[in-house]
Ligand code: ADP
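Given as structure tokens, the chain that follows is alone and in the form predicted alone.
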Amino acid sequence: MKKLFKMFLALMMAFTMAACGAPDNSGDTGVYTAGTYTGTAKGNNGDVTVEVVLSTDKIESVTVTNHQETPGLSDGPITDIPAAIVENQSLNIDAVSGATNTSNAILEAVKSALTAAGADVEALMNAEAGDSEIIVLEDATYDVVVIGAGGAGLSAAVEANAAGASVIVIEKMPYAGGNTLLSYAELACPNNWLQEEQGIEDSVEQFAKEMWEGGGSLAKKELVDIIAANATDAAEWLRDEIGVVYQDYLVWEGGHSVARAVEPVELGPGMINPLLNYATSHGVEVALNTKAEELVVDENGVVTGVVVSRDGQTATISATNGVVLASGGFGANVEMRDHYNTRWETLDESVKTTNSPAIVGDGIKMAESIGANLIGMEHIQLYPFNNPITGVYYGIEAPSWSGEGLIYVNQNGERFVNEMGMRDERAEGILAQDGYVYAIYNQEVADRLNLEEKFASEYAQCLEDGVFYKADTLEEIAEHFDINAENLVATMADYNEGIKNNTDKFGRTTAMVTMEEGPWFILVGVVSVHHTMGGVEINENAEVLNTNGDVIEGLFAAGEVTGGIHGNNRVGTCAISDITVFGRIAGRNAAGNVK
């Protein structure tokens, strides 16, 4: 297949550091005190530590030796920022787009190390870095163009490629993954291999019923049925073909009658990295830092490509067979979510989000501008319990999805909701408390899930940030957060009694685990915007529909950019089922009969 999309590197002229304001490296005494130095700065999720090796006249190496940043999302700055410092002998380095906080933390840590070494940090800050490599955009033609390199987009790309199509994936961020990268990548699938091993009875029909009813029976039932019927095949495809390695336990989220979700060992990166590696090793091209600006439509209303931009340049990437829109929802777009919100009191900037900064609804806007029908835009999901500092869900709140014990209490030490209920039910309960709420579990639960070993760095950071505490008695954790201790003790006793007798006062029927003895763990939590259920309307073939209900020829969509699949509330662990199933369908159908 003829490919005209030429990306080449335009290398700029070399420069002399001394002429650009860098430290004068001449002289017999040298500029630096040779040695190895360390520095630390605060990143997104905790401390970032670097090791800087200096000779007398040069920064020899910079290495990030310890961090708690999100895997995948932080890979770019952890690799690129140290390399740029050494290459340019400068601290005047641009942050990696989409990972500004991690980039700045690395730079600050290096400054700290160099300050300890007695280096002239100010001069290094003013030293001009060499011009970065420029990728020149040119018009190009492929069989299939995919917009978005998250789980849906990469699944579509792999399947289109397998159908014989030439494929390019356009991704505006400097890394692949989208929201999938940040997720635990739990995939709900009935009659899966772990259920069979554990003797858990399940069915496609039961899964479809629970997913549909969990969304208020407002989704397009035919789309829900497709996901339920194909989810297990999708999980096996990821495992056997793509190389995703799964845990040996099942995840049991609220809204499911049985445990039915499989989870990668390495969570979101454990799904994205194998997909990306598989795609690129089979000939799929991935253009990072490249933004889709608008869809190209011919005189017959057929989508024939996309206009892209990078570094002030634009180009048209044509698609002879189809374009797949997989650009995600709009959870990180405050203006957009506030505009469409009809359920929650406010979704302004005071409400944080679990989403990637890339998830701002640009694909939805592009599709709407050419006549695509939008469906369910008012349905915006809040994740019920998140770190109040980062806005992101805790790994150490794992008991809530594991089928183990955990309770939520308010400042008065009282329970207020079924902790294993649907996400909207829990979010409403938390918002009604008019302040912080708390999640509590005990040592027995933590030990059964191996939480303290698995999430050691998160516990340490949350303790430092003041959002986690551990103590021997309920009275101690209550005192630490100024909770009514007498009520908390009574609440736990009442909870245990209800669990023993299967008469939980909030109707809990899953994760029926008593918690009798300490030590006790307590977390502070708030709600965050998590998932937007609305988006472009599609049919069973993942074809995008216009406002008249007709197919927009040449345009397919999958993932959170679509609407009508999850109704008014997405049941936990169903998103990965959705994006993989419909990503594959979109890719195959976009490829069509490759000429």
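This one's a predicted model, so the numbers in the text were calculated from it and none came from an experiment. Heads up: residue numbers just count along the shown sequence, starting at 1.
This protein has a second form, the form predicted together with the named molecule, left out of what is shown; the following refers to that one.
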Exercise for the section: Spell out, yes or no, whether the shortest heavy atom distance between Glu171 and the named molecule in the predicted complex is within 4.5 Å. Expected result: yes
Exercise for the section: Look up in the predicted complex whether Ala586 has a non-hydrogen atom within 4.5 angstroms of the named molecule, and give yes or no. Expected result: no
Exercise for the section: Decide whether Asp362 counts as a contact residue for the named molecule in the predicted complex under a heavy atom distance cut-off of 4.5 Å. Expected result: yes
Practice task
Evaluate Gly535 for contact with the named molecule in the predicted complex, applying a 4.5 angstroms cut-off between non-hydrogen atoms, and reply yes or no.
Solution key: no
Fill in the blank from the handout: Assert contact residue (the named molecule, in the predicted complex, non-hydrogen atom within 4.5 Å, options Met366, Leu114, Val244, Ile85) equals Met366
Fill in the blank from the handout: Answer key, the named molecule contact in the predicted complex at 4.5 Å (heavy atoms) among Ala446, Ala292, Ile522, Ile81: the residue is Ala292
Practice task
Work out which of the listed stretches, 59-67, 566-574, 552-560, 43-51, brings a heavy atom within 4.5 angstroms of the named molecule in the predicted complex.
Solution key: 552-560
Fill in the blank from the handout: Checked 146-174 against the named molecule in the predicted complex; residues with a heavy atom within 4.5 Å, sequence order, are Ile147, Gly148, Ala149, Gly150, Gly151, Ala152, Gly153, Ile170, Glu171, Lys172, Met173
